[in-house]
Structure formats: C-alpha cells, structure tokens
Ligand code: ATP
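First, one chain by itself: the form predicted on its own, in structure tokens.
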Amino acid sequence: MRHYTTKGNGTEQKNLMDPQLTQYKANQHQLPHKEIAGHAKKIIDMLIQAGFDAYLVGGAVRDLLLGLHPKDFDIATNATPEQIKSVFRNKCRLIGRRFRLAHVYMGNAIYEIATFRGGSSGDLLLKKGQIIRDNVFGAVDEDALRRDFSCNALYYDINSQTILDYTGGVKDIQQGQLKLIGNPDSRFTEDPVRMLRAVRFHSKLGLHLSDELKKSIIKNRNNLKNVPTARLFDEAIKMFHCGNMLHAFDVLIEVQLFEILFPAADRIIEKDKKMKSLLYHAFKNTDQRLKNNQSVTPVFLTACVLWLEFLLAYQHIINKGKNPHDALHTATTLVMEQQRPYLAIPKAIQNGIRQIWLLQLRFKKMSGKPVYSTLHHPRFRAAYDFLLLRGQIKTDLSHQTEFWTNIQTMSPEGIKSMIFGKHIKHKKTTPEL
C-alpha cells in the first residue's frame, strides 16, 4: 500500500491520498465468520443476487477482528437507497436527509445499509468546510477514504471471506493504533463529531490515541459548537455507555472536549475535587454494570453530570426563601435551560432526571405514609442508586442510605412497624440536599 507522508516535530502522519487495495484471505485473518448475524448474511446475499456489490463494513468487522461481539452489523453497497428499497420493498425504510440510508427490518433487528460515498461533486453540501448534506455516491475505494478511521474502513466479503483494506486498517488494529484517515484539520471540520468518536474508540477499544491527534482535537474542538445539539447528545450517551467512561472522562478533560459538552460541570470540577470524585464514582459504577451485562439508562449519568450545576442553583434559590419542593423544580428547569445551547436533552430524559432529583428530597422523609409512595415510585431504583452515589462523597447521608437499603428487604409488617413505630423520632428536615 502506498502512502504520502508528511514529517514534522519528530512525528509522521498517514495522508491516504492514493489508496491501494490489500486483501486478506480467510487464512490470513482471524475474523470469526460464524459470529456474523444470519440476517446480515442474507441481506448481503440478496443484494448480490440483485446484481449489486455488498459488504459487511465498519464497526462489525473491526470488533470481530478485536475479538469482541458486535451487536450491529452494517452493510455497504453500490446500490442506491432507492435500489435497496426495490430489493427489500416493505421490509425497507429510507431515512435521513444529511446522509441518506436504508434500514432493513429482519427478525427483531434493524440493519443499516449505506451506499458507497464518493468524491466532492453532486449532492454534497458544505458550509465553512463542514458537511451539511452528503449523498454523493461512488466506488468502494472512494467510500473507504470518506470514512473516519482506518479501523472503520474495512470491508468483508462474506462469500470469499476476504477483507478488503484500502487504508491500512488491519495493521493499525494489529498494532493497537487509532489512525485518522486524511488531514485532521479538514476531517475535523467536515464532521466535528469525529473528535468525540476518537475519544470513544480509544477508550472502548483500547486503540492508542497519539499525542499528535490529541493536539489536533484541542486545536479543532470549537468546531463542535457547529454540530446540532441533538446529535451531540446522542454522541455523549454513546460515550457514557462505551464501557470505559472512567478513562474517557479523563481524556475528554485532557483534550478540552468535556468543557464543550458540559461547560458548567467543567468549571465546577476544576475547583471542587468532591464533585469530580462523584463523577468518577458514577462512571466507574456504570462501567461495572455494563461489564456485568446489567441495564443502563441515559437518564442516570446525565443526572449525575448536571447534578453539579443543579446543587448550586438549588442552594441559591433556597437562600432566597423558597421552600425545598419549589426550589428543586425551579433549579431543575434552570439547569435544563442553561444546558440547552450545548446539548439538546430530550423531554423524556429531562423528566426522568427531575424525578431522580425529586426523590433525593423525598428520601429525607423516613416515617409515615410518604415512605410507601417513595418506595413504589417508578424511578425508585435509579434514585436509590443515585443516593448511594452521593453517599460515597457525603458522609452525613449514611442514615438515609442505611434506611432505604434495609427497607427494601423487609416484610410488609416490618416496614409498617419501622415507619409507624412509637420509637420513631420525628426530626424536622433541613432544606439542604
């Protein structure tokens, strides 16, 4: 494979301007063919039978080479979206305007099929270097250069069990390197989300993120402000649930991307080590849940990060004389409004966060009938986990955490005795959280 290289400051960077195909036959790679979803194979076969080229592509090929078990199997083809639709008819839905894609429904899964992207003519719209719309179709080698990282630019032919590699992705995976395809400044301008993806792939896959690439991210970080905030939120959630968010958090701070996504939280953790510790505990707990195949929700970690800003707003409103319940709702609304210019948090998730925070106030009431409504609240489990998290940095919550831990395993009679017993001392609760 031939590369153009540029040297400077003791570093060397690939600039893949003239790709040449390297093929890896079945006896030259360790990709476990049997782990590919049967429906993905069927879709590729149907496209080939219809006269098109089609390959398994991207993350599935990468993960299989890394010994991981992908859940998504994306497909790339030279068929246009309309031609894909004609092959699969009512099982296919065309989506997107910026990137026109086909979703094919088979079994209980959705398979994403993308048409090979081509050069810079046709239906390609750029604004100040950023791709606004991209429906330029081309050949497979052109498509490879349009992808972000070499590890994601691999095409697997399911019939010959051959990997097509135009960018050196196989060797980069073998060497544990995360390599951007093309010039960082132009690629991070075309699609700034690639910077977040770089941190996520580095953290999730263990592929090395070079100092040179980190410097490029810092240089171009403000490009993220040009990305729709709804898309940024989706990328933030992918980062939260990458399986190694504890490490990703440190990298996001190092390359100054955390301040772009959560500017208020970034300012707080810079001054308050306890609040930074709370986030470390939150990310560590979520990473562990993912390793244990336990469920996770975007509500929880979003609530954790925004909690830092919420606490300051809540205390400020309390000091003005508002009651705790009203102060909580006012502070929550304020935090969501202040976060909106940076991340568009869906209403359903905002409501979930509000409920988790509201239960922190209810947890202070440990006697009488209110205990039952708290215990049976739909968000109780997430809120309880949030309470435990707070308890790891705030020792005066030990009484609350012990009470709500014990009550979950008690009999109905035991609960009744505990919350209505004569020995209960009714203390006046403070407004502080």
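The model shown is predicted, which means the values in this text are computed figures rather than measured ones. Throughout, we count residues from 1 along the sequence that is shown.
The same protein has a further form, the form predicted in complex with this ligand, not shown here; the description that follows concerns it.
Engineer: Partner absent here, but in the predicted complex, which of 310-318, 263-271, 326-334, 197-205 has residues with a heavy atom within 4.5 Å of this ligand?
Structural biologist: Going through the listed ranges, the match is 197-205.
Engineer: With a 4.5 Å heavy atom cut-off, would you call R62 a contact of this ligand in the predicted complex?
Structural biologist: Answer yes; at least one heavy atom of R62 falls within 4.5 Å of this ligand in the predicted complex.
Engineer: Taking the shortest heavy atom distance, is T229 within 4.5 Å of this ligand in the predicted complex?
Structural biologist: No - in the predicted complex, heavy atoms of T229 and this ligand never come within 4.5 Å of each other.
Engineer: Taking any heavy atom pair closer than or equal to 4.5 Å as contact, tell me whether E254 reaches this ligand in the predicted complex.
Structural biologist: Contact check for E254: no, nothing within 4.5 Å of this ligand in the predicted complex.
Engineer: At 4.5 Å between heavy atoms, is D148 in contact with this ligand in the predicted complex?
Structural biologist: Result yes; D148 sits at the interface with this ligand in the predicted complex.
Engineer: With this ligand left out of view, choose which of E259, D74, E212, D234 has a non-hydrogen atom within 4.5 angstroms of it in the predicted complex.
Structural biologist: Of E259, D74, E212, D234, the residue with a heavy atom within 4.5 Å of this ligand in the predicted complex is D74.
Engineer: Given that this ligand is left out here, which of N220, N152, N285, T297 has a heavy atom within 4.5 Å of it in the predicted complex?
Structural biologist: Checking each option against this ligand in the predicted complex, the one that comes within 4.5 Å is N152.
Engineer: Identify whether this ligand in the predicted complex is within 4.5 Å of every residue in the set G243, K276 and D385, based on non-hydrogen atoms.
Structural biologist: Verified in the predicted complex; spot residues all out of contact, no.
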